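The data below hold one chain only, encoded as structure tokens and taken in the form predicted alone.
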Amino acid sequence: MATGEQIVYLYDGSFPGLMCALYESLHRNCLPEDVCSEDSAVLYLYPTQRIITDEGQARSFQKWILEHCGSDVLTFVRHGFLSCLARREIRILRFLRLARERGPRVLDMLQHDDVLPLHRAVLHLRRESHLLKGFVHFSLRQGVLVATIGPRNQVLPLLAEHFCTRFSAERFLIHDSTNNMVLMHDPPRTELLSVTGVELSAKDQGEEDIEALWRLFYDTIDVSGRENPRLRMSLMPKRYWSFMTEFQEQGTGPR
């Protein structure tokens, strides 16, 4: 049984950094009070320990998870890290401690307190990623396809393969305004970057006309007698509307 330790592990906010923090805990068999990124604005009540990111150690630890718990557990952990779950780092740590004992079967233990919250968070991430494959709307700016989204989770790593396959020969950029991330594709190179203060260039000439035609098409096919607002909001959550052309007035919308 792990011994509790009144200390907070601080890491650099990256996935390799988290892997090093979790390795430290599992290696020492000590359970810290919390695991937090260094830039989180939190007043800690306990002493802190800064965990240095070691890429080699992070790869070795992921290999250990793969060999002892299976690829599904490793993917689950990666997706848990991308989720918007509060205190996700300490929840991932508790989950991995259980996975060390139970192996791949841990994913079926949905009634366990160390599994269910993370399971729900990962489902939310995957569902949001799936929805955004259809809700991302691009506009042409200086010859580059550009889109802005405002997801709750860090969905860009999950969306990358879909859009890079769909637009393999195109230059495009997807800006996640919630998590301050950008997915850039400039064939054959693709990058995920952390950014702040993004300013997008003006839309290319004729783009406003194309968007107006799309809004006209959307309004034309509408059947007012069969409107079901509740169903529409369940299939197309309202928080995405401000980024979708059909819900914007002419000349408005995310810039």
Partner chain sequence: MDVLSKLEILADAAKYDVACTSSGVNRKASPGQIGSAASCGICHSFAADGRCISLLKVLMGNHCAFDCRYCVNRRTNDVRRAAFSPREIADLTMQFYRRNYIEGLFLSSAVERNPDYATEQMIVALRLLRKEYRFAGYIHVKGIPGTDKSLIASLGLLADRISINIELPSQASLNLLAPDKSKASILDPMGYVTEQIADYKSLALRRQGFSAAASFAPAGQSTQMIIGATPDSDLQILRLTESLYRKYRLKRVFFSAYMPVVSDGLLPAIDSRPPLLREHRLYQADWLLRFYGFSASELLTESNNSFNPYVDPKCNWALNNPDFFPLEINTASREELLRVPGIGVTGTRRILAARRQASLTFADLQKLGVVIKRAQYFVTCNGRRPEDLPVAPDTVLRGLISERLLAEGRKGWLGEPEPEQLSYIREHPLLEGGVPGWQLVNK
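Keep in mind that this is a model prediction, so the values were computed, not measured. Numbering follows the first chain given and starts at 1.
Keep in mind that the form predicted in complex with its partner chain is missing from the display, and what follows is about it.
- With the partner omitted here, the stretch from 154-162, 178-186, 90-98, 71-79 that lies within 4.5 Å of its partner chain by heavy atoms in the predicted complex is 154-162.
- Site residues Thr220, Pro229 and Thr245 are all in contact with its partner chain in the predicted complex, judged by any heavy atom within 4.5 Å.
- In the predicted complex, its partner chain sits within 4.5 Å of a heavy atom of Glu207.
- Under a 4.5 angstroms non-hydrogen atom cutoff, its partner chain in the predicted complex has Val136 among its neighbouring residues.
- Interface membership of Leu110, defined by any non-hydrogen atom within 4.5 Å of its partner chain in the predicted complex, is confirmed.
- Not displayed here, its partner chain is approached by Ser224 to within 4.5 Å at the level of heavy atoms in the predicted complex.
- Residue in contact with its partner chain in the predicted complex (any heavy atom within 4.5 Å), chosen from Leu66, Leu213, Leu193, Ala202: Leu213.
- Residues His119, Arg120, Leu123, His130, Leu131, Lys133, Gly134, Phe135, Val136 are the members of 117-136 with a non-hydrogen atom no more than 4.5 angstroms from its partner chain in the predicted complex.
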